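Taking the form predicted alone, here's one chain by itself in structure tokens.
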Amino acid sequence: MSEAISTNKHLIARHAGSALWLARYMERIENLARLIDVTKTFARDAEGGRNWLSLLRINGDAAAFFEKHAAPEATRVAEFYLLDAENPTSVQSAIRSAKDNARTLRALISTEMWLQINVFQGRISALSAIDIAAEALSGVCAMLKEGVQAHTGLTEGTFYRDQCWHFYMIGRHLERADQITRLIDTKFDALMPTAVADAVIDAGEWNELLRAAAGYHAYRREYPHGYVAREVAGFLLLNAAFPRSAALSLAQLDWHLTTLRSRYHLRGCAQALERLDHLRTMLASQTVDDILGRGLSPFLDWVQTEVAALHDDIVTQLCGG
């Protein structure tokens, strides 16, 4: 390293933005891999097309997909997300953007993080249609999940805990809050178009939802008796011990932003913290029965809008736009 980085100076705004986006893109890769894997597992019947369409809707990609493909067949959706470098929500685009942001941060992230991202990007770039054939798709998804988890472990073990790390963690928890609400909104709508909220629903469908959120085993520890809609919703939204719940992600965001303001005197945190406080209050002041009673989908739409606005607050006020 040619130049030492002083931890006493404020982080350059573009470095803050790159750290945030690096985390978001890596989270997206793992999230996509989970969604593709569970969709493949549970789409082995006449409803297979509906399952793959649900995956497109979770990511807001239905319109873009149908501009290129006639029907949401498994092969076409897998290609769209795993091979299509022109698709901005694909794994190819995400790892390319992650590496670009890591390059910007080369003097700030660890050598181990940089090397692992390079190797991971090479493995993803080398994927072909043969690699994502039906019989090999789960293996590719496992490779993607393990690659992101290796990145996460190296980040935990080697990333210096300064301002850059705080912005990286902000990106991670913004992405998790956004993705969990999209997942709940889309799958509840698909599973319960007319069902009563308290009904015990098909175990396979809830199994799919919880595995997509990496929450299956944690949920079964909390609720060993089975799957109940209101309990699944409460677990994914409000459970403070589940790493990907909306409540825990927002709490972590609050801690990182508060630390940036108090330890590093970043006054630009005020607007984001005010919005975040309102978001957390709205979650904490309601039970899952309150949320379901007033309408889950409108509430999740509002949370997603506020999380997007929170991202904009942080990028505009702290990352130089």
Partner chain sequence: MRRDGVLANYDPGSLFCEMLRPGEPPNSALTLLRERLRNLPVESLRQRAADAERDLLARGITFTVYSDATAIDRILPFDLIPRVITADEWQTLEAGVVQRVRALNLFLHDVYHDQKILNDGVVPRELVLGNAGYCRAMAGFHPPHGTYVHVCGTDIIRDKAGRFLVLEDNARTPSGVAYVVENRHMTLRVLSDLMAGLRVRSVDDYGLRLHRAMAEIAPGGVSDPQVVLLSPGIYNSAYFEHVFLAREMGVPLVEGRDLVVEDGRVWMRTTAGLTPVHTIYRRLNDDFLDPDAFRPDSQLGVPGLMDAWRHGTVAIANAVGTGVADDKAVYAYMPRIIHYYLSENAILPNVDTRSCADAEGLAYTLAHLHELVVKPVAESGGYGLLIGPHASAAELDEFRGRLKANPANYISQPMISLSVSPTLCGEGVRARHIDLRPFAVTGRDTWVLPGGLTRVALRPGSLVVNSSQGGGSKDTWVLA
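Numbering follows the first chain given and starts at 1. Everything numeric in this text was worked out from a predicted model, so none of it was measured.
This next part talks about the form predicted in complex with its partner chain, which is not shown.
Taken together, the three residues R34, D84 and T89 lack any non-hydrogen atom within 4.5 angstroms of its partner chain in the predicted complex. A heavy atom within 4.5 Å of its partner chain in the predicted complex is found for exactly one of T75, Q149, T111, S125: T111. Note on contacts: among Q163, T155, T186, S245, the single residue with a heavy atom within 4.5 Å of its partner chain in the predicted complex is Q163.
With a 4.5 Å cutoff on heavy atoms, S138 does not count as touching its partner chain in the predicted complex; it lies far away. Taking the partner from elsewhere, E222 is found to have every heavy atom lying beyond 4.5 Å of its partner chain in the predicted complex. Among heavy atoms of L266, some come within 4.5 Å of its partner chain in the predicted complex. Although the partner is absent here, V303 is not a contact residue: none of its heavy atoms lies within 4.5 angstroms of its partner chain in the predicted complex.
Looking at 140 to 148, 211 to 219, 97 to 105, 75 to 83, the stretch with residues near its partner chain in the predicted complex, meaning non-hydrogen atoms within 4.5 angstroms, turns out to be 97 to 105.
Residues are counted as partner-facing when one of their heavy atoms sits within 4.5 Å of its partner chain in the predicted complex; in 14 to 43 these are R14, H15, A16, in sequence order.
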